[in-house]
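What follows is a single chain, given as structure tokens, in the form predicted on its own.
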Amino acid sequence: MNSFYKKNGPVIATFFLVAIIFWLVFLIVIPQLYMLDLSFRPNLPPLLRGGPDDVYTLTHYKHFLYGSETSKDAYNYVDIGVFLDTIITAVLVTIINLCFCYPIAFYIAKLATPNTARLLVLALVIPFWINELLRSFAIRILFAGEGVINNILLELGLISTAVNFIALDIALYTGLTYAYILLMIFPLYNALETLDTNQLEAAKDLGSSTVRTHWRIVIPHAKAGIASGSTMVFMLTAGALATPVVLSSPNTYWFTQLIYQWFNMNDNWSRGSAYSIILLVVSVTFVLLMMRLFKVTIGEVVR
């Protein structure tokens, strides 16, 4: 703390500390605690809140597992199915993103010249100056039945009829992978940049193959970046709303759409809060699993 004050000065250091504390307390901790409390409350009109009927209950969590009281099914297969589909898709998108971004990050960090590296970083950042929603619609235009990709494939004679990329959720996977690509590349780049190039040259001189070098040297060194990028991509993918709404097929439903409906369309904030807490718990669990898998601390992940 003393070194932080000496480095930045008392005024700037105090401002940073106050800003960080305000952000953590008022924009993260208090809203989440309020949502947690609300998830155990019945959905009552404003005038009845705080009265004898306003007691803690597990009704909303039971609804997620078993559905409404009038349901004849043993479990709430619809909501549970949507939740599992969202989590599985988020995991797959995270894996795809990691496989796609790792070679790019390694090339920028260790192989590209400084000018080439700056150009590549700029090329990655500039498209994200455009709003995420507009980028999602642009991807939908590319993958539409009469979109650019289908027209090119038809013109080349590679297909005889248009492929429904939207119904196959190919557009959805592409859009989600592209939406959070920077959140995977930059943590990987930051981790790989600190790797001593002499280790790579020594491995090559000793006859190590490229795959073995990456497996034994590069990936262990970049594990903090992998964990950081994977957790951010997973959490944002699982919590995405705009991209799934624009790019998913009519048969594909996202868990955040259920949350949105409970909050805004059904005016049931308590149930929406319960569903949000369920998603939050799974996301935090994923972060802890990634930390345990890669054997990194929270400080390494944040850094």
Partner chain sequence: MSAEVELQNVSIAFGNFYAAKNVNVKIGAGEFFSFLGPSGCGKTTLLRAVSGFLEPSQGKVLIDGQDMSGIGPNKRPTSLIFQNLALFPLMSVADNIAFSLEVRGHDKVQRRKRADELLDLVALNGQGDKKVHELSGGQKQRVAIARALAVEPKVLLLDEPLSALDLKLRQKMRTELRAIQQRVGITFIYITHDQGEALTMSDRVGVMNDGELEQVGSCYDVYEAPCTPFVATFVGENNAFYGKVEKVEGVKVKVQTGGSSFIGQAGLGLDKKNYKFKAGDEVIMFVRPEAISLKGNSKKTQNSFSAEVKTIEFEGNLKNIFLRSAEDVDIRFSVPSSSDTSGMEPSKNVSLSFSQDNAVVLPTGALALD
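The shown structure was predicted, so the numbers you read here are calculated from the model rather than taken from an experiment. Numbering follows the first chain given and starts at 1.
Keep in mind that the form predicted in complex with the partner chain is not shown, yet the notes after this line are about it.
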Query raised in the report: For the spot marked by Pro103, Thr116 and Leu124, is every residue within 4.5 Å of the partner chain in the predicted complex through some heavy atom?
Result: no
Query raised in the report: Pick from Leu183, Ile149, Ile87, Ile217: which residue has any heavy atom within 4.5 angstroms of the partner chain in the predicted complex?
Result: Ile217
Query raised in the report: Looking in the predicted complex, any heavy atom of Gln199 within 4.5 Å of the partner chain?
Result: yes
Query - Partner contact for Asn190 in the predicted complex: the partner chain, 4.5 angstroms, heavy atom - result: no
Query raised in the report: Even though the partner chain is not shown here, does Glu155 get within 4.5 Å of it in the predicted complex, heavy atoms only?
Result: no
**Report entry** Ala203: touches the partner chain in the predicted complex, heavy atom cutoff 4.5 angstroms
**Finding:** yes
Report task. Select, from the options 218 to 226, 95 to 103, 164 to 172, 128 to 136, the stretch whose residues sit within 4.5 angstroms of the partner chain in the predicted complex by heavy atom distance. Result -> 218 to 226
